[in-house]
Ligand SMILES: NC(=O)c1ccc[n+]([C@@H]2O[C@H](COP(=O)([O-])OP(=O)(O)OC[C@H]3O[C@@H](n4cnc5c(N)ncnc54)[C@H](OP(=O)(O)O)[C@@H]3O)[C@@H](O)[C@H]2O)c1
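Let's start with one chain on its own, the form predicted alone, as structure tokens.
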Amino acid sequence: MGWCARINDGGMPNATNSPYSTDPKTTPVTVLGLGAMGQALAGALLKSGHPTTIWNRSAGKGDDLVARGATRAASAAAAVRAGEVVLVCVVDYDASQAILEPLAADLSGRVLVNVTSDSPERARAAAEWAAAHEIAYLDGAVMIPTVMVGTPEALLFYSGDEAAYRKHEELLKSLGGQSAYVGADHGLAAVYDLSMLDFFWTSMAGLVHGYALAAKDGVPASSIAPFLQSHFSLLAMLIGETAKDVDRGVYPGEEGNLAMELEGVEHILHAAERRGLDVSVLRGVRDVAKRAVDLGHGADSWTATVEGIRKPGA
């Protein structure tokens, strides 16, 4: 979920050869990058019993991890040589590639797992670099905040080298019990990440806008919240059916057609304008729905707005 941050520098591991273990519960792991998320990932690995080596580009991070049993490496190369699995979690792919490119020879024979947040295109480019150097490569996306890392509910996505994922699945699931492999295309973890964050942030925008609208008439957000929670259960019910309709390109509108629902959006938009609120998001919702109606989907369900999204120039 975009939770990785920068990296640090430090002391020394057992460094000559990767001390591979036949026991997946004691596979040695290296973590490059000790931002808040990198530290959380290293902490979860330590808790699961994995010998963990840490490295950060700038000094001053990781003391707590060392106190808990992590080994601080003197250099990135020494850190890499200490692990069978090398996990990198930094601010973006510019930062990760700057660290990894000089380490290609050291990474040979190891599994590189990059959970740095970026675009699918950047993930695929990093995978091409790894393939050129014969490095087993997994791209990942962390979908939870630091406090959830290592819990049964935590979700991380992985894509790329399936054999590498299956070999180290137990280790990777120690970072999050809901972790999932989503395909051989290295860009897919980022695609899943972006899709889910698209839903999350647009939903959060609607949530705070709804609160702001109610507040203009003296209704506090805390009064609306219990009803929104029950309303959200309806949204949860719609997720699966909406996915089926989007995939099929069929949008049955017998229970409520788009033309009628567009009128409802217009009412909300006008009410918000009269109350002096920013309506740019609502205008976007209205415009996409209107475009879908103009494309001939007025009798279809709200899901047909996907056609307005797919054809912004129509």
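Residue indices: 1-based, along the sequence shown. In this text the structure is predicted, and so the values were computed from the model without any measurement.
In what follows, reference is made to the form predicted together with the named molecule, a form of this protein that is not presented.
When the named molecule is considered in the predicted complex, only one residue from 82, 189, 89, 112 comes within 4.5 Å through any heavy atom, namely 89. Shown here without its partner, the chain carries 38, 99 and 145, all of which come within 4.5 Å of the named molecule in the predicted complex through at least one heavy atom. Residues of just one listed stretch (269-277, 243-251, 51-59, 285-293) have heavy atoms within 4.5 Å of the named molecule in the predicted complex: 51-59. Residue 71 falls outside the set of residues with a heavy atom inside 4.5 Å of the named molecule in the predicted complex.
Although the partner is absent from this view, residue 174 stays clear of the named molecule in the predicted complex, with no non-hydrogen atom inside 4.5 angstroms.
Residue contact with the named molecule in the predicted complex: residue 95 places a heavy atom within 4.5 Å of it.
A residue is said to contact a partner when one of its heavy atoms sits within 4.5 Å of a partner heavy atom; residue 42 fails this definition for the named molecule in the predicted complex, lying far away.
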